[in-house]
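The structure tokens that follow cover one protein chain in two forms, given apart as structure 1 and structure 2.
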Structure 1
């Protein structure tokens, strides 16, 4: 009886304990809840054998009724914004010194958050054209095809010797969630033709960076997602677009809710006196956090492209395009490609420094350039020492040499991607044709004569923040040939001096020494002569 009772007691105790433990993790903290309130695998609308991605979008919109309209308003959709009365962006009028212009090159729209932006007939108002999955896929199996202008691979496809399996849209749709780093980086790390090409501070290493590479995103400590800083609200995402500043530095310590979708800067979390040390904190009025705390760009394993010379593109071997590789900072990469020209690459590159207030000026394909003023600044930052909103920021300045119209003095877009007889440079290697079709696609005039001109593309560096102990040392800027050697609109201690003041100093000090030497020397000689004379007379 006693034993029976004990057993009963023990089993009750065990039951209670397991129940408690079921709701607690090993360390006693409550079990985390699912991030979302909906399990998409339970939705009937998504339990279908989709064979066309826009059908998935329509299914999403049955519940998320406002989502497409929100996306339509976003820069992810428009790829352009009205600045000073004119549409500017990679979708319209804007250009860079990588592939110059996206418009007319349907492979570029592979990264558009939509389906089928092939040409000017694309319907920007169609809700089913929104690609929900590229951002919300959590399976890692959803890939957008260049050949199909952003549609996923509906069939097994060989790309560069690699088999990309047909997408299982049911599985992807049933597993949607908050965007992961992989979703954002699939486009933002691979722009310009490959991993790390464009930004210098954004490449695939940010999927899982070590603490050394990125103190915020490393899973060792903070494990930030992209959205921790790039706060979102109704598909509006904090960050810099054309016509929208990245941050407003003088609006410090804004509550996070207030900057949702609007403002992001280091200061909005760290404040502008983060060091507990007056001398360092005083820098924040004029120096961006990134200038010291991102000592180099491309600090991960991957290279970033530093220059791109289109003028050498088009050389063929036995009538065929070729490419040559070389080692750059110990990593192999293309040095030359018939399709694209000559490149240089680098990693752990010391950035260049410019005044910047969160916005870049974008030159357009309509702007007349002055060939004598080359290199042409495509998207220079603005501001100077006296501008309260401007800080010294690190930049990757991508050096390009790209085609321009030598008669109209305008940058020329290139038709790059397309079938034979489309005029595409990558299939025909005929500059004249590629520039003519490129100009037509972008609604600009081409005189027929072209040359190549040097250009600078500006990329503000703000990701890959290093641990504090790796911050740039004072002396790297406070010296004559230091990091700030080119930024000369203010007096910088250790770097600057007044030549007349220093000349006076040399004269005063060495003149004094010289005078003392002469005076004391003659004093010594005359004293000795007197001593000798005295000895003689006595």
Structure 2
């Protein structure tokens, strides 16, 4: 029995030690739990010398049989959605006041999750056109070429003095995984032509932000991935776009099934009374969390573009395009480019505030504008004080000056990118031709007459949430000429005056003073009367 007991003890001890060693690395720290259930380096389909990226997609689809169809149904693929019976988005009819329109400019479609979107002949139904690697590459070596409509660099290429090595498709394919921040930000942080240009709250500093820059994504504490908030199911990624609001409601998630896969709000986790202070919690009915907890935009090391004037583009020196740089908030950036016109930039910029209920009203290239109403709001947020779903929200409002048809009063798209004789403005610097080709590419009628008009583009600020101690102070809003100076459809304590409220306040103050004075006078007279009576009695 003793021997059996010793053998049993030894077996248990060996099992425990085996399990401990199996879950530890060489330095004694626990092994990270594998997030994947498949090692793609073991798949024969991926162990080959690919020379064409769509061939990798076909290999992926041998196992992931439904993936391409799921991607085809997503906004990431279509870049447009039907709103009020009309397709709206940068893939069709939509525009902004950066590069105006993506359609016909293959450098813009380098960020499309597909291969070869160069013109209207692109086959949106072809499964092999889906680019799996742009989202699932974990090597950091997969780069899409602006000159090849979303294909990667198949050969070593010199871009702006930097050598971009040819992609090793076998290595990338064998090392796919869950999308990382770098995958999402490679496009979403570089929209509008470069890092931080477009959004004001999204740049490459979010790949590994310090806690002071973003309390949710910093690896010091919460270490959120993009998908922590942008919930994903079947390649449908939660996020606002044309036809889909930014959030469902302002209630705790509570695991309700009907909210699965829907856009959530800050309150989904924090609730609508997160401060444990009644005075602050009373604000949440009308003030978005972001308004106080994102005090400035572009809070990292990078600038964001604040204005873009296309009307000055096309100037040449000695017949050649040129650029001029200047310092903006201590950081050097282009002030002028022949290709693009004049810019202003900024960092740590106080946002502007508007009522917002998760929707932006996108104008399209088919909409008629009123030049007398300039600046034209091209995607204004909806909602006002009386709308119970709307809250005060911080915005980057990008000021633009862009071409429009002076006869038909419509915004004009520009053919920007392309070889000589293509009509591209960046190679020919001919406005008339670039606008005609841009209009043709986007099926827009062009009268031949054009001018430039001021426009406003609205970008809600949602990222770069600061630590609580850096939240906006009360006085920054509750004062004249404070942060909310642009919102005047409601009474704001400390900023506004109203005759009835002022009269009531004056009545309360002076009535109170009169009451105190009257009461004091009565007490004084009573005391004196008692003193006189006491004297007479004694």
Partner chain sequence: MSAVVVIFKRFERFWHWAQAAMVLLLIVTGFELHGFFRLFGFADAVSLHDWAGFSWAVLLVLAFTWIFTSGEWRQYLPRLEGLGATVRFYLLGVFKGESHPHHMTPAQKFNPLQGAGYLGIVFGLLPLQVATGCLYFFFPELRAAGWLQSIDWVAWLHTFNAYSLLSFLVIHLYMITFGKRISSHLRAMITGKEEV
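Positions refer to the first chain, counted from 1. No experiment lies behind these values; they were computed from the predicted model shown. Here the rigid core means the biggest group of C-alpha atoms that line up within 1.5 Å when the two forms are laid on top of each other.
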(message) Given these two structures of one chain, say which is the form predicted alone.
(response) 2
(request) Work out from C-alpha fits how many degrees the smaller rigid part twists against the larger between structure 1 and structure 2, would you? (result) 59
(request) Align on the rigid core first, then pass along the CA displacement of residue 529 between structure 1 and structure 2 in angstrom. (result) 28.3
